[in-house]
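This document opens with one chain alone, in structure tokens, the form predicted on its own.
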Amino acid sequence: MTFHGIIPPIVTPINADGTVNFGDLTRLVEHLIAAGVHGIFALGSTGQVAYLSEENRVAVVRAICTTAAGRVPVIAGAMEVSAPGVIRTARAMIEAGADAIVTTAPLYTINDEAEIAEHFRMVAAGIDVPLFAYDIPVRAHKKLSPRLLVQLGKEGVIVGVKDSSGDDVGFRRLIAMNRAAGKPLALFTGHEVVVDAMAMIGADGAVPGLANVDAAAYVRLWNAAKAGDMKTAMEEQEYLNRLFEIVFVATGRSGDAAGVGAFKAAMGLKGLLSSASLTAPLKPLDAPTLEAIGKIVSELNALAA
């Protein structure tokens, strides 16, 4: 199995009563696969992994894997405070059908780099599918250094990295160091607005939350970049960057509510979700915010037409 290309971090559809909407989830998986995505990332930040019970997280993975039915790989997020916790959750997700697991540095604990490396080694030893490192210091409060990641790749502990660090200089250094080491890692950017540039400098793929709203555009971007048609790739990126403005509409709201809420609102407008509900304690976006998001979406739809 190879991991590459556009792998959307799929949203978790939620009903108004707070339960998971598995009907919407199934339809969304089919929509993403039809759009040409190269994989699905379940239960990342966009999937609101931290707001779901372990039972619901495993059920979400099972539903995604059952629907995908091997057509694309499914990478599942096991985010826990310790290696034993990650292993427990990961094993349940693997039994549910996950093809790979992604996890962060340890949560809550205060570890040095050697201890973080050992955490990933413990997790890898406890599961029998490929392991990805998720570099997201805004949530894990630790930056995974390029040196550490490449070393873990050379050891065979991890097979790839999802970089949501916000450090594009660091990501470019990681690409260079990975190349010098013989490319033991598949490297994915989590930045929606620089996928064209990252493809040009050697990224293996992208995990953009905005792909929930327009997966086909990201697939066109990626395919153009890989074919050397950077003009088309940049044009698609410019369109997507204008669409990404939806996440900046809400003011005075948490990052989770403003970002995931905007994605779900736009998806509702496009008929991809029957409800834009968020998980508690996040509150729905207000009417003026939804109206402004709708204006952006409709103007871009009209321009595309």
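Numbering starts at 1 and runs along the sequence shown. As the structure is a computational prediction, the values presented were derived from the model and not from experiment.
Beyond the structure shown, there is the form predicted in complex with a further copy of the same chain, which is absent from this document and is the topic of what follows.
- A single residue from the set 139, 143, 71, 183 has any heavy atom within 4.5 angstroms of a further copy of the same chain in the predicted bound form; that residue is 139.
- Between the options 92, 129, 216, 197, the residue in contact with a further copy of the same chain in the predicted bound form by a heavy atom within 4.5 angstroms is 197.
- In plain terms, the part of the chain that comes close to a further copy of the same chain in the predicted bound form, with a heavy atom within 4.5 Å, is 112 to 120 out of 151 to 159, 208 to 216, 92 to 100, 112 to 120.
- Residues 134, 173 and 238 are all found to lie within 4.5 Å of a further copy of the same chain in the predicted bound form, as judged by heavy atom distances.
- Under a 4.5 angstroms non-hydrogen atom cutoff, a further copy of the same chain in the predicted bound form lacks residue 59 among its neighbouring residues.
- The shortest heavy atom separation between residue 49 and a further copy of the same chain in the predicted bound form is within 4.5 Å.
- By the criterion of a heavy atom within 4.5 Å, residue 254 is counted among the residues contacting a further copy of the same chain in the predicted bound form.
- A residue is said to contact a partner when one of its heavy atoms sits within 4.5 Å of a partner heavy atom; residue 80 meets this definition for a further copy of the same chain in the predicted bound form.
- Along 206 to 228, no residue reaches a heavy atom to within 4.5 Å of a further copy of the same chain in the predicted bound form.
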